[in-house]
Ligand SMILES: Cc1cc2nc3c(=O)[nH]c(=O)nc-3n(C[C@H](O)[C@H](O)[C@H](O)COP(=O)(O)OP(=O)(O)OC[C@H]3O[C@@H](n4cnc5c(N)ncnc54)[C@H](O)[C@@H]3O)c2cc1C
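Next up: a single chain in C-alpha cells, the form predicted alone.
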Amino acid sequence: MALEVIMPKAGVDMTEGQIVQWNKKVGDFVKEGEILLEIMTDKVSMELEAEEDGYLIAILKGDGETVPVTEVIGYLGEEGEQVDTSAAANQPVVAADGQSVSAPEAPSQEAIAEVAAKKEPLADDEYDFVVVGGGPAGYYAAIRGAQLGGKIAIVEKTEFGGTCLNKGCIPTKTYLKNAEILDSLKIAAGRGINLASTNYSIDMDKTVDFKNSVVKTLTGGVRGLLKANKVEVINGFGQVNPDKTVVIGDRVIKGRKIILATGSKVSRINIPGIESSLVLTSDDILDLREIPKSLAVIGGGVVGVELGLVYASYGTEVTVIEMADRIIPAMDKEVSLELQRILAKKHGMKFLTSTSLQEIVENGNQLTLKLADGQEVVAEKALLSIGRVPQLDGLEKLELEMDRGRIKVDAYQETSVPGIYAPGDVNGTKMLAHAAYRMGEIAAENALQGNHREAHLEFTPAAVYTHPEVAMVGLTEEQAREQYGEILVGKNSFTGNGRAIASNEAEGFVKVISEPKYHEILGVHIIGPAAAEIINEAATILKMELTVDEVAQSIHGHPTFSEVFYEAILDTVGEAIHNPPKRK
C-alpha cells in the first residue's frame, strides 16, 4: 500500500513550507532514512527523510511550490504500483509514466440531484436500498439514506437498537450505575453524610425492570426516528438472495442495493459441561433475578470485567478466568495491570490469568470449573464472556468472501458482491457501537451516491465502564515502541487533581505517547474518573494529527478531571507543572 509523503509541521506556528528541491525523481528507489527532498519555512531549512524503503511512485508538488502543512506531496510504494490519488483531492499528480493526472472529485450536491432525477422509477416493493438488521449500523444507515432522499426499508427480526442497546452497552451501564451508587454509600460517612442506617438490600426484580424500562425507552426512540424519516419498518426475519431480494415470511422486497447490518452474537466454546443451565451468557445474566453467592467469569474482556464488577458490588464472590497474562489484554499493559490491582483491592475480585478452562462439572446447585494449570474454581453460577462473533443467519445464499468468519469488506464497506455492503459488527473490523454508526453512515452514502467515502476507524476510542473507568485511543506504549523504537511517554496522576480528590476518585493516571521528531501524539490511555468522556478529546487530537506543542497552547478548565490529560501531554516533553522534575 502506498505511503503518503506529507509536508511536515516542523513547529507550533508553521502553517506551510516551500519545497526547495526533490532529491529523487519518480521511479527512483529510496531507502529508509535517505533524503527525499529539502524544504524551507520562514524560520528554518530542513531535509525530509523517507520513512521506509520504497519507490517514489508519484510527486504531487514540485520544486519551488509552497504547500500547507500535512498536505500530501508525494507517494512511496512498490515498483510499478498505481497510486490512488483520491486522498489528495484535486491535486495535480505526476505519475510514474510522467503524465499529469487529477484526483477524482467527490460528487457535488448538484451532481447527486442530477443522478436522482435520472434514476428509473422504483416499483412498489423496490427500494434504493434495503437494510437488514436494526442495530447501530443498520438504523444509522437507514436514516442517513432517507436524509439523502432515498426510498429505504429496514428489516429487523426482534427489536431495534441491536446488541448495544438491548443486551450490551446500555443494560450494563444501567447496572454499573447501581454499583457506583453502592460505592458512594460506603464513603458517605467519611464525607459527613450520616445515614440513619447503612443496611441495604438489592431488589433484583426492580433492578431488571428498571433496566428493561431504559431499554424500552431507547428502542422506542429508534423506531420513532425511523418512522419520522419515512423509512419503511418491516418486522421479521430477512433471508437475503443474490438478486438483492429479501424474503420476510410471505413478503418479498427488492433493493437496488443491500446493506447487511446483522450484527453479532455471543461466542461459545466447546468444552465438557458448557451446556449447563448454570452457565450464563452475557445475554442471560442481564435478566437474572437473583444474586448468586459466587460467580466465575470465563473471559477477562470488557464485558466480563464490567459484569463481574456489578456482581462484586452486590456482594458476590467473583473470580475472573483469563487466558492472557492480564485482563483486557488489548489495552495498554500498565493500565490493564493497574485496573486489575484496583478491582482486586477495592472490590475483592479475584483474577486467574495465563490459564484456560478445560471442563465444567455440575454437582447439585454448583459448578466446579477445572483449569489447565490444575486449579479448580467452585461457583454457583458461571458467566461465559469470551466475546462475540458475526451473526450470519439469512445470508447463506450470498456466497460472500469471508475472513475468519467475518464478512470481508473494502474501505467503502462494500462486500465481494457489488452493491451489497456490510457495516458494523458483521464485518468484525471494530465491534463497537460508535464505530458501527460511522460504518453505517458511510455504507449508506456509498450505496446511494457511488463509492466515494472511505471508513477511517484507526482513531476510534474505546472505554471500559468500571470504577475507575478506563479509556484508550491510538497506539499502546508496547505498539508504539515496536513501530517507532524511540518514543516519548508522558504521565500524570489523578492523585494530585483537585476535582478528583474532592470527589473521592483520586486513583489512576493518564498516559500520553508521542513520537520524538515532530511530537505528534500517537496514543492516549486513561484510568480514572470520566475517562470515557476525556478520551473523546484525545480521539479528536489524534484524528487532526495535532502535536504536543499545539495542544500545549490550549487552556483546560479548572478544576476538572481533564487537567490530568493536559498535564500528561506536557509531561511528554518534561513541562508538566504538577509533576516532579524528570530525572536526568
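Numbers for residues come from their place in the sequence shown, where the first is 1. Please read all numbers here as calculations on a predicted model, not as lab measurements.
Absent from the display: the form predicted in complex with the named molecule. The rest refers to it.
Only one of R388, R499, K350, R144 lies close to the named molecule in the model of the complex, with a heavy atom inside 4.5 Å, and it is R388.
Taking a 4.5 Å heavy atom cutoff to the named molecule in the model of the complex, the contact residue among H434, R326, K211, R406 is H434.
Remark: I258 does not count among the residues lining the named molecule in the model of the complex, judged by a heavy atom distance of 4.5 Å or less.
Taking the partner from the other structure, the named molecule in the model of the complex has a heavy atom within 4.5 Å of a heavy atom of A137.
Looking at K173, you'd find a heavy atom of it within 4.5 angstroms of the named molecule in the model of the complex. The closest heavy atom approach of Q413 to the named molecule in the model of the complex falls outside 4.5 Å. Heavy atoms within 4.5 Å of the named molecule in the model of the complex are found in one stretch of 336-344, 230-238, 69-77, 122-130, which is 230-238. The candidate spot formed by C164, S264 and S282 lies fully in contact with the named molecule in the model of the complex, as each residue has a heavy atom within 4.5 Å of it.
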